[in-house]
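Shown below, as structure tokens, is a lone chain in the form predicted alone; questions about how it binds or moves come after it.
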């Protein structure tokens, strides 16, 4: 771990421990924006970890961002910090200025396409995108759009879209935005029409890895504390076996997500993203099941904190592509290269 990553790891853990309380989570689920939490994050530079220093950012790499994003998942931080981090990188790569404040991203579904058109020196944006994280709350929106069939990145200010508010299972905002000739602050050509969506899958993998750590910690603690038939339930072999499976799932997803971020820093991470999101989405379902079985009835109550992690697991597993979607892409990639190339492709990583 380099010096920047060590500093980020320590600072984000302390900040989220202090600021992401049960009251803050509940207030956010009721629709209140956690101003104090976001202010502290911005003061520490966490949302701009991938923005170059000459553009007012931290100048970190993908593995530095992984430290922040996984922590956000572990603490169930009710703000779009992961989306803002990715938006900052997408905008910076396109040589566009990165504004302060929360930024969200769109589209988050591969079948949705936004169009931008140019008139003189001005750009306008049209189209509808659904399930946009914090679409109504974010100050700006970073989008991938098409202009004359070519991929572009564009920055749009809040207030340019008509909004249909919605939420996911974790009660995080997931809004539908409709643009009709909306004013665009800035736009630039992009090298890849899929990059925002692919990297979105990568950040969800890291968030799931963080949430799995919380689920594992809570399940082990409860199994050691809950006494039945004269001894902690964690002493029973059946429970130990399930907790071992949960620990294995957590370790596997953590390794897959970190590997994808590491590959993003070194080159093209497409293969690693496919693996990470497939593995993370599959583990989310299995882990949530084991955790709730371990906790019994108490785990399903709103008063217990387990659901802040498990509801996010159920939500995040389907965002930016389900397990079956990414497994299908991975299978097509392997099949396309042929049987003789499969083993070399795996061991090369």
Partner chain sequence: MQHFHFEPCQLPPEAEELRVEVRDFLTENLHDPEVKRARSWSGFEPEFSRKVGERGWIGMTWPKQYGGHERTFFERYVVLEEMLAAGAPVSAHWVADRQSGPLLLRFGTEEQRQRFLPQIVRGECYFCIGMSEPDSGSDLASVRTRAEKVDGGWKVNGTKLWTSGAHRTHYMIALFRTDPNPEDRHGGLTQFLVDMKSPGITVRPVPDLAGQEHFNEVIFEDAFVPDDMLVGTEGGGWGQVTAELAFERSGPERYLSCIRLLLELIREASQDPTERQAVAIGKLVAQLANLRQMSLSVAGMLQDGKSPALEASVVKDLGAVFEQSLPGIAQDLSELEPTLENGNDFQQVLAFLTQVSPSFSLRGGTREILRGIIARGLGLR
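Owing to the predicted nature of the structure, the values given are computational and were not obtained by experimental measurement. Residue numbers count along the first chain shown, from 1.
Although it is not shown, the form predicted together with its partner chain is what the next lines describe.
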{"property": "Contact label in the predicted bound form: residue 306 to its partner chain, heavy atom within 4.5 Å", "result": "no"}
{"property": "Residue 227: touches its partner chain in the predicted bound form, heavy atom cutoff 4.5 angstroms", "result": "no"}
{"property": "Contact flag, residue 235 vs its partner chain in the predicted bound form, heavy atom cut 4.5 Å", "result": "yes"}
{"property": "Any non-hydrogen atom of residue 249 within 4.5 angstroms of its partner chain in the predicted bound form", "result": "yes"}
{"property": "Segment assignment from 41 to 49, 319 to 327, 22 to 30, 54 to 62: heavy atom within 4.5 Å of its partner chain in the predicted bound form", "result": "319 to 327"}
{"property": "Contacting member of 264, 201, 223, 94, with respect to its partner chain in the predicted bound form [4.5 Å, heavy atom]", "result": "223"}
{"property": "In the predicted bound form, the residue from 245, 113, 186, 169 that sits within 4.5 Å of its partner chain by heavy atoms", "result": "245"}
{"property": "In the predicted bound form, residues of 255 to 272 near its partner chain [heavy atom within 4.5 Å]", "result": "255, 256, 258, 259, 271"}
